[in-house]
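Here you get one chain, nothing else, as structure tokens; it is the form predicted on its own.
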Amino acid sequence: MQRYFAKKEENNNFILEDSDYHHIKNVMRMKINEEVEVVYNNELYIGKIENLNPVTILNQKKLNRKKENKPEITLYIPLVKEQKMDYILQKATELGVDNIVPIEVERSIIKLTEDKYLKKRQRWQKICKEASEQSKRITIPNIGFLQSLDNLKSEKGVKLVCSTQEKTKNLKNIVKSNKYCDKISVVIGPEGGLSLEEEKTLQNYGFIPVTLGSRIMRVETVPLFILSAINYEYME
């Protein structure tokens, strides 16, 4: 069953984005009385299409769901080329990330002005919404504003930084020893990794340097590896 996120509810009808109405009517070619799943205020409902001109969706019933037992996960990632960024956003959403925050780092090849960043952020949020619908999530990851490493100084919870220097503290053991935490934040470097000075700065802020093993991965592969490892540890 197709899933959509509602903006609000009025007179027992769910209000969706215009693009969702287009998808229902022109892409999925749904009919009157067909049912869809609707997420509203982080709760899941069954909605029934009552009209197509315009599209109206009646709230039929609320569904009970099992609560996920995992920490809030935030990824801090460098700005990368558009195709790689789209891939990271989509797959990280499918794998359960809660927040994605782009960061400015020394070796990042992509630089954006504030205006360009805000336009990109709007597009990235749409990618996360569509990936959340496809993967049957009830939340959409939040795309944060562009941050410098200094903004991470007050970050809470278990804090990790992927390091090309660290050889002994691996991700598996760190996650396993912090299984009952409420939040995990992970900083990922660009192609070529973070500089030694950047790693040192993050360690001074309480971030634990971790190794992902003997292989050197592309920047777009690292978030998938990390989220898969965390999901495996918290899987019931």
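All values derive from a computational prediction rather than experimental measurement. Start at 1 with the first residue shown and count on from there.
The form predicted in complex with a further copy of the same chain exists for this protein as well; it is not shown, and the discussion that follows is about that form.
The closest heavy atom approach of residue 1 to a further copy of the same chain in the model of the complex falls outside 4.5 Å.
By the criterion of a heavy atom within 4.5 Å, residue 87 is counted among the residues contacting a further copy of the same chain in the model of the complex.
For residue 212, a non-hydrogen atom is located within 4.5 Å of a further copy of the same chain in the model of the complex, even though that partner is not displayed. Although the partner is absent here, residue 176 is a contact residue: one of its heavy atoms lies within 4.5 angstroms of a further copy of the same chain in the model of the complex. For a further copy of the same chain in the model of the complex, the listed stretch (134 to 142, 149 to 157, 113 to 121, 99 to 107) containing residues with heavy atoms inside 4.5 Å is 134 to 142. With the partner omitted here, the residue from 39, 36, 55, 171 that has a non-hydrogen atom within 4.5 angstroms of a further copy of the same chain in the model of the complex is 171. For the partner-free chain shown, 211, 212, 213, 214, 215, 216, 217, 218, 220, 221, 224, 225, 228, 229 of 204 to 229 come within 4.5 angstroms of a further copy of the same chain in the model of the complex, judged by any non-hydrogen atom.
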